[in-house]
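Okay, so here's just one chain, in structure tokens, the form predicted alone.
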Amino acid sequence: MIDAKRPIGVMDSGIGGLTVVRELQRILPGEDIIYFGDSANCPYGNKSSDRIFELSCNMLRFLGENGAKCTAIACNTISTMVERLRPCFDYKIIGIVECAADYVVREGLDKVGLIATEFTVASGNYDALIHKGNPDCRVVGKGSPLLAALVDRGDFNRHDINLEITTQVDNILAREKVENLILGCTHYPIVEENFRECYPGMKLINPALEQANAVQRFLAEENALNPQAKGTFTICTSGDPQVYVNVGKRLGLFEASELKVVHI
């Protein structure tokens, strides 16, 4: 039996997972949320799988020790190895890649673009999960070596961000004229308006929304939804906490009740 009063954990390599927090606060306003963003080590997408696994275990251990009743792995890069992580912990772990792949299958898309970190694209995890449900769907992916780091700095330089977006998405469109694009890194919805400026006709798929819905379904099934009217929000980071405050305001989040610098 899960104690409904325990918090939901959300983790990411940096600020990107705040897009998942935004969706959770919208659909589950009564839930307490504890967030960990490992900005000191961002981006994860350029690291080895063993290093990503080590850093991820540190965050999951921290969230478990702080009472998380389930944890949303908001980082697409980390989520590519969710099956390796799950046996190491005794609470529910919900990966974001699975949630986005399920959406593509449900919508019956015959082709979809994917922009993500280089690690996420190279892992083939999106392709495998989508093809499991729809073998005929063409997934056209391109890894961005820069976009997550540009966003995580929090300065939102329009020229630099738009240049990186168009460089990578134009590569996708040169191979396939896709109309749907998965924002395969939770940092990317923070600059959703940049994507819309560059590609106004493109349908953007936001995995953060799909993950928040999956968390809601799990907690409802376990009778573990917190009945209070408004939950608390705790931000823990290994990096600069002010960036989280700034991005939280940009996303319209409930103000954090606690802000901690934590080295794990």
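In this text the structure is predicted, and so the values were computed from the model without any measurement. Quick note: we count residues from 1 along the sequence shown, nothing fancier.
From this point on, the text means the form predicted together with D-glutamic acid, which you will not see here.
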property	result
Proximity to D-glutamic acid in the model of the complex (heavy atom, within 4.5 Å), stretch among 133-141, 76-84, 165-173, 100-108	76-84
D-glutamic acid contact in the model of the complex: Gly45, any heavy atom under 4.5 Å	yes
Distance check, Ala148 to D-glutamic acid in the model of the complex, heavy atom within 4.5 Å	yes
Proximity of Thr120 to D-glutamic acid in the model of the complex, heavy atoms at 4.5 Å	yes
Exercise: Cys185 in contact with D-glutamic acid in the model of the complex, heavy atom 4.5 Å	yes
